[in-house]
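What follows is a single chain, given as structure tokens, in the form predicted alone.
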């Protein structure tokens, strides 16, 4: 288990990490997600011991490690650029950490061969990094990290240098390997798909702070701030004011004049207060029926074909909405056509301005 309590890291007058606290369970895959400059890599490197925190504590399996040097933290770190030794073979790169620990030669050979089997590189053991593909180099870096049997694995944007197809393949391999080893892992990434695909929980960072922590489903389906909603892909985020509060629903009139009905939830709703709501593109249905809680008459501005899906840019009373639907060969509206779209109250996410759920 990794416990981070009130960790702060500054560079001069700039606060890169601000009073961050989180608990990552043993064997959990946790992703730190956020835009460039949000502090996620700084937090990772502070956990690793590359940087020293100005405040707070870091503990691994109940032992404080914040004052230990990086070599004494029992942590392995995989860098974005892999950091392989170009003059050493695959075998020698993987064995490097074990040799630094002065393990017996026979044990080193056994453990290196075991992890090379795990990452499917035994047949390439004598090659050098320059003779490998990007995906193979990434697997060497992973093998070098896990061969020392760390208590914590840290991954710093490990897939960013790979092309899209290879990135998807390596993402699946990393997740399968992590599950097989039950290794506590923290991943830093700005890629939403990558974080959601591999992690048990996600922490979204903003300006050095954790904005929200939850499962991928919780972060996407119940964003607790406008920032999180926008970052995880909620394209239709509308501002307005609360006009009515009922037992189970709240009504919001947007600044552009649309009326939205959302589930009330355990939030403090007050008539007249400012609020925001998001209509997720995939939850907006074409021709939803007259009884839909939210129904809008729109004009199609643009249609984008994406193979298995189609996105539509719609205009509704001065508001631009985006809808996405699975494409199975059905007839699609053309630009300029009038179409009705809508969703249920439970398909909408609504919050008082910057409020958090109970």
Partner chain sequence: MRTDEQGRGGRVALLVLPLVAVLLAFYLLPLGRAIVNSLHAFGPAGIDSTVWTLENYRRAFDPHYGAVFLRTLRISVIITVITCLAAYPVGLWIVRLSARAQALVLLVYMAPWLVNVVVKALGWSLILGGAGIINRVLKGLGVIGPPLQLMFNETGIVIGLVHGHFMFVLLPLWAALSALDPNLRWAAANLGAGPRQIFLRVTLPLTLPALLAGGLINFIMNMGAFATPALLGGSRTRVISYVAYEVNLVALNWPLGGALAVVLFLIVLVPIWLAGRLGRSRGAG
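The structure presented is a predicted model; accordingly, all values stated were derived computationally and were not measured. Positions refer to the first chain, counted from 1.
What comes next is about the form predicted in complex with the partner chain, which does not appear here.
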So which of 180, 165, 106, 102 reaches within 4.5 angstroms of the partner chain in the predicted bound form, heavy atom to heavy atom? 102
Of the residues 70, 332, 309, 301, which one places a heavy atom within 4.5 Å of the partner chain in the predicted bound form? 70
Check for me whether the partner chain, as it appears in the predicted bound form, comes within 4.5 angstroms of all of 135, 175 and 196 - heavy atoms only. no
Only one of these stretches, 85-93, 279-287, 203-211, 218-226, has heavy atoms within 4.5 Å of the partner chain in the predicted bound form; which one is it? 85-93
Please tell me whether any heavy atom belonging to residue 144 falls inside 4.5 Å of a heavy atom of the partner chain, as the geometry stands in the predicted bound form. yes
Even though the partner chain is not shown here, does residue 316 get within 4.5 Å of it in the predicted bound form, heavy atoms only? no
Whether residue 97 contacts the partner chain in the predicted bound form should be assessed with a 4.5 Å heavy atom distance threshold; does it? yes
The partner chain contact in the predicted bound form: residue 59, any heavy atom under 4.5 Å: no
Let me know which residues along 68-84 have a heavy atom within 4.5 Å of the partner chain in the predicted bound form, or say none if there are none. 70, 71, 75, 76, 77, 79, 81, 83, 84
